[in-house]
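Take a look at this one chain, the form predicted alone, written out in structure tokens.
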Amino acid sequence: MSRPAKVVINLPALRHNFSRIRTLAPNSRVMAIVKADAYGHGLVRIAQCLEHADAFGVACLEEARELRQAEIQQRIILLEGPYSGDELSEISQLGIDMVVHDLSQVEMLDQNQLIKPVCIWLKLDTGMHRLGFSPDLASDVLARLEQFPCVKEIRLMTHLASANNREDPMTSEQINCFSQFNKNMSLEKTIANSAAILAFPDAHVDWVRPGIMLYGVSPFANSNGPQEGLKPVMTLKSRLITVKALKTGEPVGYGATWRCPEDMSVGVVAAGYGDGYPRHAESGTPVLVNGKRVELIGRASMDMLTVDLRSQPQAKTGDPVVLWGEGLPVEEIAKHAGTIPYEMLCAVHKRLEFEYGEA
């Protein structure tokens, strides 16, 4: 029998979330963001499941190559563009779209002859100040790219800095800045990330770019996925591997940071930070044992966690445990650990068994 800790990926939940996106933005094409191994869910399996996506967004050429090798035929967009001119030949051969956000990438295109022309997504910096050209400079860059024989098509994009805060006026300012730049242009464009898909319909335009919401997680700090009409795709599961009867005052775990307030049962779960569970999850973080909430106690270990079983005196070795996912939103665990759901999903370790389910 393999180690009890495993990851269950609910593919029908993924399709539900994709359908939710289609409902919210019915007039937009969907670029499903599958970078970082599809946020830890498995790049190829997730892309194969999203057969109705219009395109996939990735962070690097290695991810794009993996999708093409798996015979994924949809448009693939290299979201940070090429890192060097040496990548352009393969980008061209694989039929990969590329973002252009820096003058060095413009020079790469100018200095390389490609077998097949490439499709460009020109990125505007409308206020996030991470990647992209200022609107003043972007006009000249666009005019230059239009003259390159190696450029087949050009689309426009920007990225929103604060769409995960529905009240922040910055999002409307960015949308207006982007709209002013391209108001007399017929080029296709994309603005909306997950938060904007849910909260800012004006940002939907020709393409939307869902990331975290595809996986059933809310991009907002004050809600979880189910509250936004989404279903969790990843569930991290394990089992109790022992139950200990401890006395009042006895310590639990490294550093003896938690002591039993009374005679009680403590369960040991086969999962820890070596599997991707956040090491800084505090005592009191919820865990499901037999589908009912109990609390994490003491420090997370590399391979084990300890839980308070006073509310479940009948719990025994072998009983099922859910650490996040179905019935226990990952957003809630992230708050207890002082992190964000994105980091937790991406941190799940590949030593775990991944089970892809249709039920």
Ligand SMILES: Cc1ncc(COP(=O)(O)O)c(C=O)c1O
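Numbering starts at 1 and runs along the sequence shown. Model, not experiment: these values are computed from the prediction.
Below, we turn to the form predicted together with the ligand, even though it does not appear here.
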{"property": "Partner-facing stretch of 265-273, 90-98, 106-114, 152-160, counted where any non-hydrogen atom is within 4.5 angstroms of the ligand in the predicted bound form", "result": "152-160"}
{"property": "Partner proximity in the predicted bound form: P210 to the ligand, non-hydrogen atom cutoff 4.5 Å", "result": "yes"}
{"property": "Contact flag, S194 vs the ligand in the predicted bound form, heavy atom cut 4.5 Å", "result": "yes"}
{"property": "The ligand contact at F18 in the predicted bound form, heavy atom, 4.5 Å", "result": "no"}
{"property": "Exercise: K237 in contact with the ligand in the predicted bound form, heavy atom 4.5 Å", "result": "no"}
{"property": "Heavy atom within 4.5 Å of the ligand in the predicted bound form - residue from K35, R68, R29, R310", "result": "K35"}
{"property": "Residue (of K244, H280, R166, R130) lying close to the ligand in the predicted bound form, criterion heavy atoms within 4.5 Å", "result": "R130"}
{"property": "Contact check for F56, R75 and F178 against the ligand in the predicted bound form, heavy atom at 4.5 Å", "result": "no"}
